[in-house]
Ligand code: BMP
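Given as structure tokens, the chain that follows is alone and in the form predicted alone.
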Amino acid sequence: MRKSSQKPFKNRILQSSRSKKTRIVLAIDVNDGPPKELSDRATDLIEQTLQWICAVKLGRQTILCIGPERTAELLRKIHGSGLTTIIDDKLNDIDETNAAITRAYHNLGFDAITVNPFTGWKGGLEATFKLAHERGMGLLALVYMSHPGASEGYGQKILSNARSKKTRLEFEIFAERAVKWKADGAVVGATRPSIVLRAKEILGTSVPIFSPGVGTQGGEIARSLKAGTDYFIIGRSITTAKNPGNVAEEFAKASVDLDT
């Protein structure tokens, strides 16, 4: 079993971001090809962008395609470069299943995992939060995703509780849960700066915002940064570029523009 880090995930990624002067989390979602070829491709992307990123996020599909042994090896390389790692699994099941998945990812070497607040606390994510935090693992709550159809769920109005006739936006409730549950981050798409702004009002400084959707999906770093994004999760705009390193550098500089 992997030993827990002395510092919480939130502190580790912040330290990396400040020291490297970047807010970019590289999203690697390679999934079409032989396992070794995909693993080599992921390693190459990391090596080309290493100077300009503060963390690496791997999609569940990538893990399924390259297998646990290559995943563990890849994570060791990433950690050896001083970066933290996130598995994008979007946990949304009963407590026993969520906890088992969390343990498996932690033992592989991941530093954080995405979870869906929709599943609830009791019998849902309570055990996962306890387990993860005991092992120094971070949890990022999905508050509002970046794709167009996200409004059908995260943007819908619902009753605030069973006895109330007052409706509220789903994502606002999810943001409040992220604070109450002491999440280590909240995922809010950069494609909707107004949602980022509202989420930031609820999350405050206790829960940093991770925003996917820059570039390929139409999100803009400048607008999302001003609205309150703390980190940008960027995949295809970097990973499919002819020169991933140059593109990552441009994004990195833009991501800290307001800091200078």
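This one's a predicted model, so the numbers in the text were calculated from it and none came from an experiment. Heads up: residue numbers just count along the shown sequence, starting at 1.
This protein has a second form, the form predicted together with the named molecule, left out of what is shown; the following refers to that one.
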Completion exercise
Only one of 88-96, 68-76, 105-113, 125-133 has residues with a heavy atom within 4.5 Å of the named molecule in the predicted complex, and that stretch is 88-96
Exercise for the section: Please pick, from Met145, Leu139, Ile173, Leu83, the one residue with any non-hydrogen atom lying within 4.5 angstroms of the named molecule in the predicted complex. Expected result: Met145
Exercise for the section: Would you kindly say which of Glu47, Glu220, Asp29, Glu37 lies with a heavy atom within 4.5 Å of the named molecule in the predicted complex? Expected result: Asp29
Practice task
Evaluate Gly235 for contact with the named molecule in the predicted complex, applying a 4.5 angstroms cut-off between non-hydrogen atoms, and reply yes or no.
Solution key: yes
Handout entry: Partner contact for Val187 in the predicted complex: the named molecule, 4.5 angstroms, heavy atom
Key = yes
Exercise for the section: Could you confirm whether Val56 comes within 4.5 Å of the named molecule in the predicted complex, counting heavy atoms only? Expected result: no
Exercise for the section: Indicate whether the named molecule has at least one heavy atom within 4.5 Å of a heavy atom of Val214 in the predicted complex. Expected result: yes
